[in-house]
Each structure stands twice: as structure tokens, then as C-alpha cells.
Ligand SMILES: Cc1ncc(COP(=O)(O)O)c(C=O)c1O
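Read the single chain below, which is given as C-alpha cells and is the form predicted alone.
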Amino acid sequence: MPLTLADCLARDADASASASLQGVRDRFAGGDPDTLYFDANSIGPMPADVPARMQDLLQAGWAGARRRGWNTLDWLEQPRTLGAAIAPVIGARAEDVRVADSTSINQYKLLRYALAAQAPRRVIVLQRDVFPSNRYVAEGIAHAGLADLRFIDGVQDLPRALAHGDVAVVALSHVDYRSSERLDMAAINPQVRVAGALSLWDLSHSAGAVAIDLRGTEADLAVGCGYKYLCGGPGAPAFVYLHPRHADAAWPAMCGWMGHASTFDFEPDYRPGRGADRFLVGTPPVLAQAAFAAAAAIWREVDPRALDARHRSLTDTLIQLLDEQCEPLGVQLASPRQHERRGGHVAVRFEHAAPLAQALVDHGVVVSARKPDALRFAAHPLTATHEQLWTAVARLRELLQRQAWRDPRYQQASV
């Protein structure tokens, strides 16, 4: 039987399916009342108390305490406390996660760290069609003469890439940013480890949406951004993960006073901090951390298993609605149907995806498109509802039926 609006409302009302998440949705700002937001893979919803936290920081901290804030407030500890808050969401220990800098900078740090720890091995293996910034970072390292790159078209090519015995690190995206295909971390990590290499995972499109178990799958290194599903705010600091077995394997590529073993001793020579602390570099961005702290307060209370179950229910519902209402109109599923193989968003293929995405945004459904033909719906598991999915797909169907993407207003490129 086709899904009805009543079915979607019933799934929202099923308390047994989301008991541990009751009340969490109310802790986020609602946004524009006539807009449906499915852009959590670009920027997550804002915790409702962010403005109050920011105002308190500005008045009591910056205006009032000034330099005393470094001593009386938690500014310097935020990279650790924020890391500890999100650690359960990615299956890690609190002491192995730090929040700092951006995903690209952290990717650079960890690639260089892996190369130093694995010398004389100098090959970086990465996906040919990975998110461009990940590739650019690796190319920059290779251009400086510090590594050689070896590309794979898919994980099926990994055994051949590892066979030479010269690979230092395999850098993979947990989830493809276009199709949302999720790689099997538990199956890949042993392949990499047996070959004597390290695994480095980019969790940007999975952290805060689906189940991740870095420690259980023996992942070596990981990075991810804080502003997507983790709801840290626009340009929020990213996170870095280091398995404790590599805690003292090498010096960091970027040595700064915050990563020193004894920050305020002001020693003339650098001594790396313990474990993940060595990936801290400069003074932390206190204003950005204050916004992220609002999200961290919520993540401390979220059961990762309940989060994953909620995401499964939402995305399975979305796929069924798209199949039933939009497939006859030229929309084809691009994401895996199995939840375990799918990341945070659901992607469909449509020849005119970019202008169609703009038409949807213009009609109150915020989605995104990626070349050449991917239309992406990213429902945040803490805030999205099944009813919203029904409404969004109904609007999509109506726009497809009248070929709204042909409107000249939607032909210009958009983010």
C-alpha cells in the first residue's frame, strides 16, 4: 500500500520508536515557519539557546572579564570538552577527540602525521572522486615532495593499491557527498591494517546522522566538520580523532603553543602534547566554540542507537515516498536502499537537478544539488519529521508535473 499522510503522522506519533529522543526537537530553533529544511548535510539546525550563550559570552566574557576570561571561563578547555561531548556519536573515547580548526586543516595534519609515523612509506591512497578539498589537501602535500598519491575508483581497487607495501595511509570518505553511499568501515579497516597502512576517515556526512564506531572498528585516524549534522553553526570548528595506539607516533606537522605538552610554561623548545592534544595549534576560536557548546550540550544526552534508528525511519520513509510519487516523473534513487550502506542524506538523480533544487528552495523546501545530476535531501534526525517529508515530496511532485525547473529564474548557478 502506498504511504499516506496519515501513515507519516503515525510514525511521528510512535513514542516507542523515539522515546529517548523525546523533547530534543524542541531544543532547536524552528527556522522560518513556512520552510522545510533538508540541508543538514550543508548546515545543521541551530540550538535554541545559541543567542543567549553568545550574548552571555559577549557581555560577561569579552566586555566584562576580558583577559580574565581565559582563567575564569572554560575557553581554553573547549577543544577537549566539545570533543568529549561528540565522542560517543562517533564511537570514540572522550580523550581521543579534539575540536579545532577546519576539516581541511585537520585532514592536512593527519595525513602529515601518518606519513611521519609510517616513514619510509610515502604513498597516500585516496578516492579519485572524493570531495575536492580532500583531494586538494593531498595534492598539496604531494606537490611539496612529501608524498606520492595513488588513486582508486572504489574500494574494490583497495587490495591492488595496497599490494605494493608502500602505502602509509588510506584516506577515505565514510560517505560519498553526492550519492550518500556509506563505506563499510568494519570491513575496510582490517584490510588497511594488515597491509601495514593507517586508515583516515572523513566523517563529515555521517557524524551526527548514522551509527559510527571508530574504536570498535579499529580506525586509526578521523576528521569531520562541526557545522553539518553536529549543528555547531556556520563554519564551526571541526574535530580530529587519534586512536590511542598512535598517541606518540610522531610530531605533528603544525606545532603551536596550544599543542605543547605544557602550554603555559612557555618553554623555548616544543614538546608535543599527549595524544590528540598535539593536534591543537593556536588560540581557540572562542566565539565559534560558544555556539558549538550549545549543540554539545544536546549531544551529551543523545543515545547514538536511537539517533541511528530515527535516521533509518526518516530516510526509509523518504525513499518510499520518492519511489511512489516521483519516480514516474523522471526521478531515480541514487543512494543505496539499505540503511547500513547509506549516509546522512538521500540523493536522487534528475537531469535538471540544479534548477530543480532552486525551484524547491523557492517553494519552501531547502535542499541542495551537486553536479552532474544529484538532488540531495538531508533530513536531520533530531529535528525532521515524517510529516515534513510527506509535504516536501508532495511539493517536489507538483514542481515536476509542471516542469518548474525550466523557469529562467532557476538557471543561474547556486550553492
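The first residue of the sequence shown is number 1, and the count goes up from there. Nothing here was measured: the structure is a model prediction, and the numbers come from that model.
What comes next is about the form predicted together with this ligand, which does not appear here.
Although the partner is absent here, residue 191 lies well away from this ligand in the predicted bound form, with no heavy atom inside 4.5 Å. This ligand is not drawn, but in the predicted bound form it has no heavy atom within 4.5 Å of residue 75. Among residues of the shown chain, residue 225 is one whose heavy atoms approach this ligand to within 4.5 Å in the predicted bound form.
Not displayed here, this ligand is approached by residue 205 to within 4.5 Å at the level of heavy atoms in the predicted bound form. Heavy atoms within 4.5 Å of this ligand in the predicted bound form are found in one stretch of 161 to 169, 296 to 304, 103 to 111, 316 to 324, which is 103 to 111. This chain is drawn without this ligand; in the predicted bound form, the residue among 289, 127, 134, 179 with a heavy atom within 4.5 Å of it is 134.
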